[in-house]
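A single chain, nothing else alongside it, follows as structure tokens in the form predicted on its own.
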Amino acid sequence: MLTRRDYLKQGVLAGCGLAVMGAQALLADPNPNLDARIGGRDSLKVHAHKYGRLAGCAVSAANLQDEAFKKVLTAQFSLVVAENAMKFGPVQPKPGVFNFEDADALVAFAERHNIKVRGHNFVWHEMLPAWFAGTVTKENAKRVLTEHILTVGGRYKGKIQSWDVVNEAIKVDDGRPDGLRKSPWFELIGPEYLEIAYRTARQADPRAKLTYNEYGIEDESDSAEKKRAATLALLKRLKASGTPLDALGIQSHISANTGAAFGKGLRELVNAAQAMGLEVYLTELDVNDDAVLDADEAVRDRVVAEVYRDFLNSALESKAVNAVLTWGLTDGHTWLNGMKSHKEKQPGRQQRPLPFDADYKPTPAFFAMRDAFDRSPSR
């Protein structure tokens, strides 16, 4: 009997054959970045643009010091998002003192190369500065929040395609009937911190698409179903109250080989967002390969590509999905390699979750992404 491992190693995984063959050919090319088969009209951004979509990735300031990185970035992507440079802690390291060096560099680079920029993020329960806990109180929290958004959003007014205004506000396990996370902002201000954030963001930059960004809402598991329901209820409450909200961000951090499936729940989520007049962005796509026990890189790459293909083919059925961004460009820069869980599960092994490997060569995931754009309806 043919095992799954043998099946993958033969390179005949359903729907992936041509993509894998193309990837294998390119991996033998000493200069894949120059190869016509992945550049120019065959790039991710051109294939996405043909169907009215944007192809993007997360970028750090350090990435922009790497000429090879910049070459692939400008050739392949039409949208970038700062990995950390625009988050509260990095951008306001001291009360009222802002550090825009890295964020400015990213925005300037994008402008020079005609690339759009997503802002990420104004409000999150993580990456708050060390001074936050001892300085922000119930008496001044609204002022701190609004001043932060007005300062950061105002600096980049007219230069940002969309802002993740609030990130990860839902945590069903916290036990509230509305599903809201008991975050520092919630504890200091109450549920109205969401409306305050969105109204202030609209004031700071009237042209930016204001987005709610959430994780763990993509697959068919019970936990995802519950979180989807709470997320949609939140979006409905915000829209009903007249809160300015333009888009839903589905983070799309996915694990391979865990049995996760994508279909009915994902389609219903996207369709419900569209019915509320919202655009949908896939904002942080990557595929964790820790559960792929075979160490063979070719096997892992094919499993990862299969997940990309299954997920994107479902998500891109809807014209509401305007953009697909991976959380990083190359495997050499992925945040997943720094995760404690990864180091414990797969010590010494580097993850391969992205469309380019550490040598800037396209992986099968690249071709899976490109094929998914080509299968999608035009917006």
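Residue positions are given as counts along the sequence shown, with the first one as 1. In this text, all values refer to a predicted model and were calculated from it rather than measured experimentally.
Only in words, not in the display: the form predicted together with a small molecule, which the text now covers.
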Practice task
Just give me the single entry in 127, 272, 105, 229 that has a non-hydrogen atom within 4.5 angstroms of the small molecule in the predicted bound form.
Solution key: 127
Handout entry: Candidate from 161, 92, 251, 78 lying within 4.5 Å of the small molecule in the predicted bound form - any heavy atom
Key = 251
Fill in the blank from the handout: Testing 256 to 264, 80 to 88, 140 to 148, 181 to 189 against the small molecule in the predicted bound form with a 4.5 Å heavy atom criterion leaves exactly one stretch, namely 80 to 88
Exercise for the section: State yes or no: in the predicted bound form, is some non-hydrogen atom of residue 205 no more than 4.5 angstroms from a non-hydrogen atom of the small molecule? Expected result: no
Practice task
Would you please decide whether residue 297 lies within 4.5 angstroms of the small molecule in the predicted bound form, comparing each non-hydrogen atom pair?
Solution key: no
Practice task
Please check if residue 200 has a heavy atom lying within 4.5 Å of any heavy atom of the small molecule in the predicted bound form.
Solution key: no
Exercise for the section: Spell out, yes or no, whether the shortest heavy atom distance between residue 284 and the small molecule in the predicted bound form is within 4.5 Å. Expected result: yes
